[in-house]
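This document opens with one chain alone, in structure tokens, the form predicted on its own.
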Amino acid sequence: MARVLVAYYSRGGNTAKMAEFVAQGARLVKGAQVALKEVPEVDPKGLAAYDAIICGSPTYYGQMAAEVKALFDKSVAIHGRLEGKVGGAFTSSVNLAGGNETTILSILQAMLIHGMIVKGTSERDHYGPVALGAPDERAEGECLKLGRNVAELAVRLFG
């Protein structure tokens, strides 16, 4: 059974709704056990217990929220223990060109520094799902796809 964590930070509820869709997509995968947690509930040392981590943040000045950054900063305590695990990211923002992709990339950079495997896609939201405000039908579909894709890869790699 592959353990998948969907961790998110949300102030207005848009990123939280995206996280629910991501978790729903991951739960469609046979052999995936999915946990959905707000970032303040996540113990950085407990990240190593998961085979896949999908992280969501609102876009703040083209970067992940400070709360999400703090989680990654504290994860230095387990540096090297996320090597080979699967990662993914998503974000919400208010503007089309408001730093959405740079926010996702900031999360993925932290995952890559941990040695994680990042599952991209050749279709639509290449780096990860983006919602402008509340997630619409397009963003919902991208979130479901991210959850499913990451969970499928985790199941293949970790059983």
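The shown structure was predicted, so the numbers you read here are calculated from the model rather than taken from an experiment. Don't overthink the numbering: it's just position in the shown sequence, from 1.
Not on display, but discussed next: the form predicted together with a small molecule.
Is there a non-hydrogen atom of residue 12 within 4.5 angstroms of a non-hydrogen atom of the small molecule in the predicted complex? Contact check for residue 12: yes, within 4.5 Å of the small molecule in the predicted complex.
Answer with yes or no whether residue 120 is in contact with the small molecule in the predicted complex, where contact means some heavy atom within 4.5 Å. Heavy-atom contact with the small molecule at 4.5 Å: absent for residue 120.
Is residue 46 a contact residue for the small molecule in the predicted complex, using a 4.5 Å heavy atom cut-off? No, residue 46 stays farther than 4.5 Å from the small molecule in the predicted complex.
Partner proximity in the predicted complex: residue 93 to the small molecule, non-hydrogen atom cutoff 4.5 Å: The answer is yes: residue 93 has a heavy atom within 4.5 Å of the small molecule.
Which single stretch, out of 122-130, 58-66, 109-117, 34-42, brings residue heavy atoms within 4.5 Å of the small molecule in the predicted complex? It is the stretch 58-66.
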